[in-house]
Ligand code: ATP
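Given next, in structure tokens, is a single chain: the form predicted alone.
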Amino acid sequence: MNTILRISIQKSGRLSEDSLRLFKECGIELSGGGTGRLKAQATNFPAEFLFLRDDDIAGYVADGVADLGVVGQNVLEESNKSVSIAKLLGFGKCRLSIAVPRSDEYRSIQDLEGKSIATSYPRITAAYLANKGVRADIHEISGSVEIAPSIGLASAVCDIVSSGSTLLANGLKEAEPIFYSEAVLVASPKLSEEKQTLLNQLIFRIEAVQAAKNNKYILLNAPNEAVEAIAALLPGMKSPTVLPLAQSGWSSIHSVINENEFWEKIASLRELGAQGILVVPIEKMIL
């Protein structure tokens, strides 16, 4: 029997679409379709995908029912399941924060001493409070956490924050972030040697996709006397490619640049005489 990886991802929710997009960018195509599917086979990689509730993924992986899973670090930390983080995935970034009514004056976490906090993350919240030496009453509720202060259930909430718009709509303000999260690929402690090999292949593909997203291919024309200075600004993966142009005294320089650095360096490139600057997306990048 051929070895396959069983990979669990969200059936729906914040990470579902981004998870599917990542595997597609890794060149993995799934058979079947439709939003109601619970399982799908990869057509060009030895993998089977399970579509599960977010809260169930870490448990399936810990029990060895699934080999891998894509889950938020917040959910993983709250579950306290015995799995290993194989790769940070870079999407689904958010934070778990204490929030209080906008009318309340908030100076520090000590203001919550003896008060009540509503949350879907009692373990993370309790650990943070204990670390700060604060004793508070934690109400565990699932869903609609933000409504708790307005109905008198709690003095504050601890919930996931992305843009903060949900807090604002419910008369709350973010007071203190306590945990930062992103999507992670988790692995079962029971992986066989063959499955570990497949996991390594998958991580190689993910890293190639991530490197491509963080970098851009840059092409520009420059006078020959500026080539050395421009090459110092654009070292690329090893060194830039320099090609002579048909016009005497000019060269074309090709390199790779981190997207975050581009806007910092563009002014210097122009000052050195660079012209016709093109910045092109990279689909895959093997380091």
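A quick note: this is a predicted structure, and the numbers were derived from the prediction, not measured. In case it trips you up, residue 1 is the first one in the sequence shown, and so on.
There is also a form predicted in complex with the ligand; it is not shown, and the following applies to it.
Colleague: Is S82 a contact residue for the ligand in the model of the complex, using a 4.5 Å heavy atom cut-off?
Modeller: Judged by the heavy-atom cut-off of 4.5 Å, S82 is well away from the ligand in the model of the complex.
Colleague: Would you please decide whether S19 lies within 4.5 angstroms of the ligand in the model of the complex, comparing each non-hydrogen atom pair?
Modeller: No.
Colleague: Using 4.5 Å between non-hydrogen atoms, is L272 touching the ligand in the model of the complex?
Modeller: L272: no, not in contact with the ligand in the model of the complex.
Colleague: Classify R53 as contacting or not contacting the ligand in the model of the complex by the rule of any non-hydrogen atom within 4.5 angstroms, answering yes or no.
Modeller: Judged by the heavy-atom cut-off of 4.5 Å, R53 is in contact with the ligand in the model of the complex.
Colleague: Which one, 195-203, 109-117, 155-163, 130-138, holds residues whose non-hydrogen atoms are within 4.5 Å of the ligand in the model of the complex?
Modeller: Within 4.5 Å of the partner lies stretch 155-163.
Colleague: If the cut-off is 4.5 angstroms on heavy atoms, which of these, C94, A175, L185, A212, is the one near the ligand in the model of the complex?
Modeller: It is C94 that has a heavy atom within 4.5 Å of the partner.
Colleague: May I ask you to list the residues of 64-85 that have any heavy atom within 4.5 angstroms of the ligand in the model of the complex, in sequence order?
Modeller: Going through 64-85 in order - heavy atoms within 4.5 Å of the ligand in the model of the complex - the hits are G72, N74, V75.
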